[in-house]
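A single chain comes next, written as structure tokens; it is the form predicted on its own.
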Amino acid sequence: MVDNTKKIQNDTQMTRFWQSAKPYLLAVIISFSVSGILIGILGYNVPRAFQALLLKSFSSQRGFIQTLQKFIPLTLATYAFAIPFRIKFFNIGGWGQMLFGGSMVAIVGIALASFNLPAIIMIPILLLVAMAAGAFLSLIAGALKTYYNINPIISTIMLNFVAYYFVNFVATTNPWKASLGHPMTLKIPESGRLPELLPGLHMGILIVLLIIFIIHFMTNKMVLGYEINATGINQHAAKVYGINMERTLMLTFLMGGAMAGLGGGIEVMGVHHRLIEGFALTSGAQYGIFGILTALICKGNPLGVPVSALFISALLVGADAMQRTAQVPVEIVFVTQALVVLLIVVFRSTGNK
């Protein structure tokens, strides 16, 4: 009897797992099939293209490190969208919050250069500055929604432009600008740069792993996580049971913006060591846009964020390799990613009926 009960439980768990995994598997299979057809129609070598796309990220140390380099800012940009998404609000301003976080890191880092602070003090200061900058920009959108009922989609998009032009201002204005052609600032001091763990891989990966743990703990073990989850399930019921909707909205935007700002700061501190116009781009597109796509793939699940981010990062590295080795346009991968998201949404909707 006990064995039969265990078998039934195991079968039930396998059924639930398959039901959860089926939309993702079908979406990936169909999307890659469509991409393969497109690549073939355009006259490119399909096996060679897919070999570069799927294997480059993990077939060599260099490819794996490049994947992790993209994984760091992409994970943080994904959290910027995923956390407010938990309460059914949309933060489209992850890109702008990254830009603002990176800009403030450059300004403060250059300003503190003359104080010769040790790295153990300088690095935490700049990381906190990055988070505060991103949080400040997102809180503007949160406040506009809370006090004036302005749709955060509109406000966060418009704030992206503010952050973009702020980067241009900082990168082309004394005392920050460098005497070079492309808009960029002077370098931040050595003590403000993230040390490398491996050639090409900086300490930002450890920071992101810590962030993943903190957000998981907050979501599942803290009152704030319960309030966010309850508000996302039913805002009216959450309000009836005493959850402060305005406070929850502001906190989710604050946390989302802080994650995006941290992503921008890490890019400046760990990769470029200065503010450069266009620094928050990968494969020609914004990290903010990829963050939204990645969050939609995992439905904003905090534990699903790093898994989805690693998948998208691997595709981005593979896309660059595919373009170099098989001359296939990188836009094919963007089409694949868009199809994956669209099909997952469709399969989820049909599966819930």
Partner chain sequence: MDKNITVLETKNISKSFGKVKALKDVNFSLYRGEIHGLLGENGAGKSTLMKVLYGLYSADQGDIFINDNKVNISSPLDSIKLGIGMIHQSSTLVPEFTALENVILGIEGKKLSLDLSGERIKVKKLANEFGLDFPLDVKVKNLSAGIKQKVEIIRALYRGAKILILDEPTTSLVENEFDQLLKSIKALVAEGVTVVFITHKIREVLQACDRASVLKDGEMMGTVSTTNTTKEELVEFMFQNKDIDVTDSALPVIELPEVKLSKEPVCSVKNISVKAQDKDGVNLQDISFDIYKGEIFGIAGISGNGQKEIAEAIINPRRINQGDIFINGESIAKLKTIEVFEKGLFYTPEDRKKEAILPSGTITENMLLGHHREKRFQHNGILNWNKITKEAQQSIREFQVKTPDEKTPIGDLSGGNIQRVVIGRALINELNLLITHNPTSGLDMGSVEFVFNKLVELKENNCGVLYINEDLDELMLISDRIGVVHAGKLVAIFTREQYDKYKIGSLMIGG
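Here the structure is a predicted model, which is why all the values come from computation and not from measurement. Positions refer to the first chain, counted from 1.
Although it is not shown, the form predicted in complex with its partner chain is what the next lines describe.
Participant: Could you tell me which one of Ile154, Leu281, Leu206, Ile243 places a heavy atom within 4.5 Å of its partner chain in the predicted complex?
Facilitator: Of Ile154, Leu281, Leu206, Ile243, the residue with a heavy atom within 4.5 Å of its partner chain in the predicted complex is Ile243.
Participant: Note which of Phe136, Phe217, Phe169, Phe90 lies within 4.5 Å of its partner chain in the predicted complex, where distance is taken over heavy atoms; exactly one does.
Facilitator: Only one option qualifies, and that one is Phe217.
Participant: Want to guess which of 143-151, 69-77, 228-236, 191-199 is within 4.5 Å of its partner chain in the predicted complex, heavy atoms only?
Facilitator: Checking each option against the 4.5 Å cut-off leaves 228-236.
Participant: Since only the chain is shown here, I'm wondering whether Met222 would be in contact with its partner chain in the predicted complex (any heavy atom pair within 4.5 Å).
Facilitator: Judged by the heavy-atom cut-off of 4.5 Å, Met222 is in contact with its partner chain in the predicted complex.
Participant: Is there a heavy atom of Arg247 lying 4.5 Å or less from a heavy atom of its partner chain in the predicted complex?
Facilitator: Output for Arg247 is yes: heavy atoms within 4.5 Å of its partner chain.
Participant: Which residues, if any, of 70-85 lie within 4.5 Å of its partner chain in the predicted complex when only heavy atoms count?
Facilitator: Nothing in this stretch is in contact.
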